[in-house]
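So this first bit is one chain, no partners, the form predicted alone, shown in structure tokens.
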């Protein structure tokens, strides 16, 4: 797998996201710029400029019309993808750590930071699908996280629930209409923050990454832990690959500890685990610092990672990746052919 190296950022990457078709890749970093790239060859398509603080998060809506971004300048911004036009700016009292469109694209959630006397919240905004329409300032819903602030959040299947990961290592499930807490379970070690939350293709389960050096696969229905993937380094990100049963984890020693360690000891690799058997099946090296974000292409053909080193690396899987099967999987395929 020869990676394509994308160097359009001057500072650490914070999040990367494929669009639903998997042909575009959006990347945001602390350098206040959003870049969009062609996923198949790494060519830069353009940039979206306007934020005046580190950008923490980006998401693309299901129709490939809009992207939303959240930043340390206390705003969520909505952009038209193809023209780069800034359509709307929503202002908040504190920084925005995560944004995500609902599965039908009609709503957008944002996770706000807890700071200066303001409690962390999850806000829901209504999105008008017409690019030329005036977007509403009204917040449809505000969920206040008074126990422990939310660090990440997203929408479950059919926008039924909002699931959030917290600073104290727990995961909550809220009713997406009323904002009431339906469940809260300690999924990771106490006070080991949940650093990422990414969905399965059908949004009935999700994967969390945490500072406690594990990633966990969790069912939306009852927040039960289905699988655990242990690693030897704090994790910043985890994603589920479509087409093949793998999960990809990214992390590494924090930047301040890295000066004393060589790249090998810093453990700056993307780690592949078998989703069902929980075995580690491989690692991909290349970054010079911790991996802050990993994303899987919705078509299952590639994955991308963004690092503290300011680079995005896109890896297209080779034939061996698709051909590799466990004994059990080979047996199953054989039975299906005979049938």
Partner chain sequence: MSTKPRDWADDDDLEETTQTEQLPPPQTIQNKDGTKTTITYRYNEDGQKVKTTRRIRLVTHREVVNPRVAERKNWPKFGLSANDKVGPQSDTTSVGENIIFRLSTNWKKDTKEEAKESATDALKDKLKDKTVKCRICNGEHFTARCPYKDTMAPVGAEGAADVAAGMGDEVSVGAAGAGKKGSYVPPAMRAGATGGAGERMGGKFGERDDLATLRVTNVSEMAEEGELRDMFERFGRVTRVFLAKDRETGMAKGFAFISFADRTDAVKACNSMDGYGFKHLILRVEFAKKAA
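Numbering follows the first chain given and starts at 1. Because the structure is predicted, anything quoted here is derived from the model rather than measured.
The same protein has a further form, the form predicted in complex with its partner chain, not shown here; the description that follows concerns it.
Heavy atom within 4.5 Å of its partner chain in the predicted complex - residue from 82, 115, 221, 160: By the 4.5 Å heavy-atom cutoff, the listed residue in contact is 82.
Site check 18, 170 and 203: each within 4.5 Å of its partner chain in the predicted complex by heavy atom: Spot residues vs its partner chain: no contact at all.
Interface membership of residue 45, its partner chain in the predicted complex, 4.5 Å heavy atom rule: Although its partner chain is absent here, residue 45 would touch it in the predicted complex, with heavy atoms inside 4.5 Å.
Residue 298, heavy atom within 4.5 angstroms of its partner chain in the predicted complex: Contact check for residue 298: no, nothing within 4.5 Å of its partner chain in the predicted complex.
Partner contact for residue 23 in the predicted complex: its partner chain, 4.5 angstroms, heavy atom: Result yes; residue 23 sits at the interface with its partner chain in the predicted complex.
Interface membership of residue 272, its partner chain in the predicted complex, 4.5 Å heavy atom rule: Output for residue 272 is yes: heavy atoms within 4.5 Å of its partner chain.
Neighbours of its partner chain in the predicted complex among 280-295 [non-hydrogen atom within 4.5 angstroms]: In sequence order, 280, 281, 282, 283, 284, 285 come within 4.5 Å of the partner.
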